[in-house]
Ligand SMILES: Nc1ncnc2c1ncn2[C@@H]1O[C@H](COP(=O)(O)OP(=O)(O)OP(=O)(O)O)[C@@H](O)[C@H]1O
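Okay, so here's just one chain, in structure tokens, the form predicted on its own.
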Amino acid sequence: MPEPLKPELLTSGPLLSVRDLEIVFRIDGQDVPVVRDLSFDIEAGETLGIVGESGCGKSITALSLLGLVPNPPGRVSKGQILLNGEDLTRAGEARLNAVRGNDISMVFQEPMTSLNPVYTIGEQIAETVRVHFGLSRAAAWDRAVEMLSQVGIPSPKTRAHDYPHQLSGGMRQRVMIAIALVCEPKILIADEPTTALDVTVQAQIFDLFQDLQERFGAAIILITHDIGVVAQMTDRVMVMYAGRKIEEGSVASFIRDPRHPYTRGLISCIPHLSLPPSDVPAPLFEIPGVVPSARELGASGCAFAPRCSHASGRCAAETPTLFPVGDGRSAACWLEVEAAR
């Protein structure tokens, strides 16, 4: 099994650095950007939350880190993905296969279609450690049973012989998490990892994630719609909208003082349970409209402007760039630029 990261690796700069990433899809003979000008870093031992509505580019960004953007029709057209200084956008398939599951693992959003229906769940977990660590079949099987126990599956020795169709959706999600954690990766990408699980199992899974961090200095990229999970699990938050990063900062500042109108809208949509029972709660806030498709985005202007109550003529004409707003935070909003003057 892998050794814990050496202390110098925990302080020698970003474990993963994404620079000016652009992902395009070929649609009707044209390259349509679905992720644009995206840059971020993540340190060993850090948890980065990526939030935003469906269609904002979160999951396709995660797939790009593993070289899994479906090609055709998609491809990384620009930028770098640097893992300990190595540019994965230039890596061949053999190298990417060595990285996947070992250095970077991913818990996919949809467990129903992510498991192979013709192999038992024990075989699917054991295969990962056999490929990356060269364990014998018996040792790999024992490791698979151990992981099933760790993610809360009852009777793991028996369940290891089951096929995916014999498990509930929640149990299949736990199997996906077991596959992702079995090699104790340096970076774990968790795309809505506990959607199908009850709150008790959610807590167990997040404890597993935190244990991985403590023992091996692993970094976690957590993609979620759940602001409560963001507040509990992450150190830093990146907000995406229409394929761009529009705000970034510490989780405390994200919750306490969001700066982009879209971020404020996301937080305002969360129900508050602190009112006295006799009080009539106000209706939940709703962000009007929907996220535009990549084909609907213009060459200039703020993509959120049609849904923003604060939009001005400048918002429609010019694309805002990320603007520093203090304490290592940034927001892509002309309101912040004007307020700083």
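Every value quoted in this text rests on a predicted model; they were computed, and no experiment measured them. In case it trips you up, residue 1 is the first one in the sequence shown, and so on.
Here the subject shifts to the form predicted together with the named molecule, a form of this protein not shown in this document.
Contact with the named molecule in the predicted complex, defined as a heavy atom within 4.5 Å, holds for exactly one of 312, 54, 30, 300, namely 54. Contact annotation: residue 34 falls within 4.5 Å of the named molecule in the predicted complex, judged by heavy atom distances. Proximity of residue 39 to the named molecule in the predicted complex falls outside the 4.5 Å heavy atom cutoff. Interface membership of residue 192, defined by any non-hydrogen atom within 4.5 Å of the named molecule in the predicted complex, is confirmed. When contacts are judged by a 4.5 Å heavy atom cut-off, residue 60 counts as touching the named molecule in the predicted complex. Of the stretches 70-78, 257-265, 112-120, 133-141, only 70-78 has residues with a heavy atom within 4.5 Å of the named molecule in the predicted complex.
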